[in-house]
Every structure is written in C-alpha cells, then in structure tokens.
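Read the single chain below, which is given as structure tokens and is the form predicted alone.
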Amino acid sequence: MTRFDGRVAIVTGAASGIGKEIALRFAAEGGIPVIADLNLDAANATAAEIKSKGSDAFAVAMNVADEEQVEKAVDDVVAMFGKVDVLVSNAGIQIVRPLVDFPFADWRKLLSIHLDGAFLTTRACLKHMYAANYGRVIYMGSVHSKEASKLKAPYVTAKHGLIGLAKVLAKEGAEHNVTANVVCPGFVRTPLVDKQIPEQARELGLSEEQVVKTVMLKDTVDGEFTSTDDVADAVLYFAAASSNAVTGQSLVVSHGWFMQ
C-alpha cells in the first residue's frame, strides 16, 4: 500500500518544472496525476512518460485564468475518475521590472495567473471535494510569500495573497475534511528562474554569476538552489495528511534563506 493509492490529483502547470516533478512523484506512490497545463502537447508528453512507467495519468488543457476552461477541465476529470482528491495549484509566471514603470497589463496578467488561477481551480474542485468529504489543496507559494525582493511587485503580492486564501479555505473546508496549505520554495533552477538570471543581471548591473551568488542564494545556509525534489517532498507531505491537524500552514523550503 502506497500513500496515494487511487487518489486523483490535479496539478496545474505540470508539463514541466516543479509541477512535473510533483506529478511524477505522486504517480510513483500510486496516485493518478492530472497534468493540467496551458501547453496540451507538453502535458500529453508528461502523461505519456508517466504511463510508460506503469502508472496512470491524464492530460488536460488548462489556462488557469479562464473560468470556463477551468470548470470544463475539472468536470472532465470527474467524468473520467469520479472524483478529485488533491489540487496542487502550481501554475505561475514571473515578470521582473521596477514598480515605478511596471505596466498595468503585466501586473494584471501575473495576478490573474497566480491568484485568479488559484481561486478558479480551488472553486471548481471544492464542490467535488465537499461532496466526497475529502480534499487536500496545496498552493505553490514562495519565499516571496514571506518577504520581498526588488523588481517583483506583483509576484510578491500574489504569493503573499495565496497564504490568505489558504487560511480562509482551511477554516471553510474543515467541516468537509478539506485542508489547505502553502509550500514556499526558495530559488529552484527551473526555466522560470533561468530566464530571470539575465533579466536581473541587466536590471541590477551585475554579472549572471553575481546574481546567483549575491542576490538569489545570498541568504541560504549552503549556497545551494532548492531542488524540484525538495519541493515535491513538501507538497506530498501536505497531500498525504490524514487529518485537519496540519491546515492553514505554510512551509518554507529554501535552504534556510527564510527562517520562521
């Protein structure tokens, strides 16, 4: 018996990076990951990779900021498997720019994906979780859910907001055996972070190596990036919780960058 035998988990942004690692790990422990991603071809490829290892998986196209698409995708999952046990709201983007000239359209785009996406996917899953009297919701926060960095106004705002959303859901969901928690990674070497290194170097007038050492990893205890495996460990811990004991919480996974 493994931790997630027969459990169905929708993981947004799961075609690559942290989301893909979570899906792979969930499947390896007996669960059925639903690869929900803007890029359906990439989602299908990840689902095929999981199936090739002998586990089940399902791919759906999902723009998390599109209400109709989110509702349809969740309905399709429930039509296929009869339930949704776990939601991992992981889809996200990053836009780096000083606040003084941050375009409003970019502000709205980032908040829409991070916050509207978390709200819409949660709401779509909740009716099924409440009906089943079981659900585990995990939001992908960040160390930026706890503190700020220059050039990241909407990202920091959104990641702080996810903690508030989780706390409300923890209170509302308790009577239905639904928990809500936030995993807050430090810098993980994903395409999202790789893209930021030259952007920050340009904005801050530093070399790329200096950005990594003196900006990104400056406050870690060992100068190491957080790994996708590290993040998946924390997500699966929350997803496997057997009671409401751990709910409304945020767990920082950052090599000591931020200590609570």
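Source: prediction; values computed, not measured. In this text, residue numbers run from 1 along the sequence as written.
Although not depicted, the form predicted together with nicotinamide-adenine-dinucleotide (NAD) is the subject of the following passage.
Residues placing heavy atoms within 4.5 Å of nicotinamide-adenine-dinucleotide (NAD) in the predicted complex fall in a single listed stretch, namely 133-141, out of 133-141, 165-173, 79-87, 96-104. When nicotinamide-adenine-dinucleotide (NAD) is considered in the predicted complex, T220 lies well away from it, no heavy atom lying within 4.5 Å. Although the partner is absent here, L236 lies well away from nicotinamide-adenine-dinucleotide (NAD) in the predicted complex, with no heavy atom inside 4.5 Å.
P154 falls outside the set of residues with a heavy atom inside 4.5 Å of nicotinamide-adenine-dinucleotide (NAD) in the predicted complex. Within 4.5 Å of some heavy atom of nicotinamide-adenine-dinucleotide (NAD) in the predicted complex lies at least one heavy atom of S16.
Comment: nicotinamide-adenine-dinucleotide (NAD) is not present in this chain, but in the predicted complex one of V215, L206, V193, A28 has a heavy atom within 4.5 Å of it, namely V193.
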